[in-house]
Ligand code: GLU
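This document opens with one chain alone, in structure tokens, the form predicted on its own.
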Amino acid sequence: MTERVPYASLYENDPVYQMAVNQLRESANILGLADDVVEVLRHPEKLIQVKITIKRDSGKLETFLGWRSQHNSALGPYKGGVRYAETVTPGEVVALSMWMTWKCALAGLPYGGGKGGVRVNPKTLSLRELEELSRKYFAAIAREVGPDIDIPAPDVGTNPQVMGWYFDEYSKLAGYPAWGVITAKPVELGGLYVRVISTGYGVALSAREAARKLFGGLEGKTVAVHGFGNVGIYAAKYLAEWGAIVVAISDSKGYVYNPKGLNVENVIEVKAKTDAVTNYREEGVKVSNNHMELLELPVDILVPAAIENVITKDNVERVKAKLIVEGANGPTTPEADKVLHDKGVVVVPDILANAGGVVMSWIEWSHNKMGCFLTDEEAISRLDKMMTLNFNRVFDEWQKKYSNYPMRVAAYVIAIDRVVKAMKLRGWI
């Protein structure tokens, strides 16, 4: 069952949405955009609410709410993940779809921003219940998505298996195998294995290019990685392979630190076996159960890849890194961002640094639509070229035009300007 809901009634008072709007307004002021243009940009083009009723294994019926926000399609079809979490709200989904618009625009992709979510704790569902929920959610939004309309992908609480169910459900309703309706699918259904590594790989690429600009190169520079999930693991792996010295790694249980450098592959193995990096042992390693301390270590490069709001006004003065590359979404608060800029610290913002996932999704989608498949080597090579080119283009424009502001502000200005120009060319504003 699908309901169309009035704009603003569900999301305007949400703090996450308000943060996104404040960022939009700050960038709009720099661009000199009129208030009526900002009013257009701050609302999604469509917000879809769906009701999903499943039968639990106990035989009891249970109803969940889900949403899909389609923010802006000036540059192309909507693109963005679907998350399953108990904390999902309409405001969060709208804000995330707005950020996806800017991320896709900044990356030069032919996409607008979209985002979906279901308010559910997927860990409380059996596999059968999870499949029923996923199929019914996607069936409910099926008329609003498609290979040329809106292309979902995984996010928090979802994975390639869920994408496989989405793909199958849509294909049954459409009457043909709709390869391009979903990205980050299982490899057997047209996905790419390297999609798993692409976000962390892209973060490492951003760090590599920023280090070339600031330090003359990555070789021998010390790195601390805060958060060792998918993004942190692959960021650390590739930074170490490219000559950086990864000296500290954390997860939610604590961190390990060796100023002479950690064996990243061994830390990955310990994390996989024990679910805690603090079980890693080697000579010279310090272990602490306070993962927040890692943010204040004396390193050249800090990669916050865990959760939002970890670098704040309360600890920013103790941050010693000269370069921060954001793997997580929103790890640095606006107040801390300004302090870091005043200190001369370069922060590569999330919408630039962690765009590897959506870039790889575009690579998968474009080849699915043409009916051809890439090798992993071809896909990684294309990701490397696209991320490297885009980073240097954004960095150079920041230095030439917007160096009085943190790089994040410049990135938003560049992205919003691209969207506004597309809207004007199409006669929308």
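Numbers follow the displayed sequence, beginning with 1. Since this is a predicted model, take the numbers as computed values, not measurements.
Omitted from view is the form predicted in complex with the named molecule, to which the following refers.
Participant: Is residue 195 close to the named molecule in the predicted complex, meaning a heavy atom pair under 4.5 Å apart or at it?
Facilitator: Although the named molecule is absent here, residue 195 would touch it in the predicted complex, with heavy atoms inside 4.5 Å.
Participant: Test of understanding: in the predicted complex, would residue 337 fall inside 4.5 Å of the named molecule by heavy atoms?
Facilitator: Because no heavy atom of residue 337 falls inside 4.5 Å of the named molecule in the predicted complex, the answer is no.
Participant: According to a 4.5 angstroms non-hydrogen atom cut-off, is residue 202 in contact with the named molecule in the predicted complex?
Facilitator: No, no contact at 4.5 Å.
Participant: Just checking whether residue 115 would be counted as a contact of the named molecule in the predicted complex - the rule being heavy atoms within 4.5 angstroms.
Facilitator: Yes, residue 115 sits close enough to the named molecule in the predicted complex that at least one of its heavy atoms falls within 4.5 Å.
Participant: Have a look at 81, 190, 157, 77 for me and say which one sits with a heavy atom within 4.5 Å of the named molecule in the predicted complex.
Facilitator: Of 81, 190, 157, 77, the residue with a heavy atom within 4.5 Å of the named molecule in the predicted complex is 81.
Participant: What is the one choice in 329, 161, 258, 312 with a heavy atom within 4.5 Å of the named molecule in the predicted complex?
Facilitator: Contact residue from the list: 329.
Participant: Looking in the predicted complex, is the named molecule within 4.5 angstroms of a heavy atom from every one of 100, 357 and 361?
Facilitator: So, yes: the whole triplet contacts the named molecule.
Participant: Heavy atoms within 4.5 Å of the named molecule in the predicted complex: which stretch among 260-268, 134-142, 215-223, 100-108?
Facilitator: Within 4.5 Å of the partner lies stretch 100-108.
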